[in-house]
Ligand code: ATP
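In structure tokens, the next block holds one chain alone, the form predicted alone.
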Amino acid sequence: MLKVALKMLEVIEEAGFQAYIVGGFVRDHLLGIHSNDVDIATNATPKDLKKIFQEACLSNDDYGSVTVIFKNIHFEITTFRKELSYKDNRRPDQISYINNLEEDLRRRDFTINTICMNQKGEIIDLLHGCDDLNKKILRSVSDPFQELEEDVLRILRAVRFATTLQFQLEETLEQAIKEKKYLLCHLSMNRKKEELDKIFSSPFAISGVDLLKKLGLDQELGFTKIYKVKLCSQMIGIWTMLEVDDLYPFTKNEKALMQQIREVLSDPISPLNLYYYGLYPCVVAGELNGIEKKKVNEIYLQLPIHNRNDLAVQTKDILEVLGVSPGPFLKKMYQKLEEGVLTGKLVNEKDALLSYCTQVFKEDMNE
């Protein structure tokens, strides 16, 4: 990835422009973290880039952003710019192209995201981001009170970076977040969820939850149940505990899964729960109950049946022994067979199951 990115810088420079890899990729490279997200900053304008890369797509010409596929890899290229004013506490509504790398870097959010790499692979650190990287400190490039007011998403980005990288918030930045947290109401629920997903899917998710509480962001985010959250390696488990299904934009499948996890939470290793709800909801519920995934897996594998086809009888066998035609009673009959086998009351053998079917059918007929 780095080799291809450096080659792209070379192509841009050969056309007479400056170009640098900037932001998250360089930060992660210095931290030894694998990354596929490469952003390039250049003094070439979008029109210049279209001449250099004829297949370039002007993904957002208003913000000087161009997407280029180079050697089958997507790159986001932005022109050095200055953001003159903001709208809706989120995006600039006016920009101007400039020819100064340092001034372009000063519009970015945190110092650790301003570190650059040139075409030779050399680190360019104009705003001392490497110092903060070594100290594990997250610091705003300029006045954090103003920065957060200009772009409120930076509040959740700060929590995300502090969580995923295990960095400390610089004191002034922390104070600014607490003071400006009310601005989160201007952020769409989709954007909130995107950042929160990254926090909750981190190996350090629980420290992210603790940081949200420490900063007082729980109320602004609608997390009235945040104090119920327990350590969970699965992002869906944290969302399940927060109980914000109707507040955030979850898919139908996500909502169904969270409901399933809640329904098996009282006994995630019950054979009936494992059979009817499946392994994954029970694994997540098990983790929330302090039950190891290995144990849940072992109990699941030991189930006498895992689906209806594992029963030793088929529909034709049941109909033949009862001497009847298919009907609604079959669904109830199968459920009794499944529950009997799973609880150990029935042996999964053809004769035993058919004998039980005959007994149940006669009882139902006499009612």
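The shown structure was predicted, so the numbers you read here are calculated from the model rather than taken from an experiment. The first residue of the shown sequence is 1; numbering continues from there.
From this point on, the text means the form predicted in complex with the ligand, which you will not see here.
Enquirer: Considering the ligand in the model of the complex, which of 193, 180, 262, 108 comes within 4.5 Å of it through any heavy atom?
Expert: If I apply the 4.5 Å criterion carefully, the residue I get is 108.
Enquirer: Report whether the minimum heavy atom distance between residue 81 and the ligand in the model of the complex is within 4.5 Å.
Expert: Contact check for residue 81: no, nothing within 4.5 Å of the ligand in the model of the complex.
Enquirer: For residue 113, is any heavy atom within 4.5 Å of the ligand in the model of the complex, or not?
Expert: Yes, residue 113 lies within 4.5 Å of the ligand in the model of the complex.
Enquirer: Answer yes if any heavy atom of residue 39 is within 4.5 Å of a heavy atom of the ligand in the model of the complex; otherwise answer no.
Expert: Taking the distances in the model of the complex, the answer for residue 39 is yes, it comes within 4.5 Å of the ligand.
Enquirer: Can any non-hydrogen atom of residue 48 be found within 4.5 angstroms of the ligand in the model of the complex?
Expert: No, residue 48 stays farther than 4.5 Å from the ligand in the model of the complex.
Enquirer: Of 236-244, 152-160, 209-217, 262-270, which is the one stretch near the ligand in the model of the complex, taking non-hydrogen atoms within 4.5 angstroms as near?
Expert: That would be 152-160.
Enquirer: Go through 1-40 residue by residue and record those having a heavy atom within 4.5 Å of the ligand in the model of the complex; state none if no residue qualifies.
Expert: Going through 1-40 in order - heavy atoms within 4.5 Å of the ligand in the model of the complex - the hits are 23, 24, 27, 28, 37, 39.
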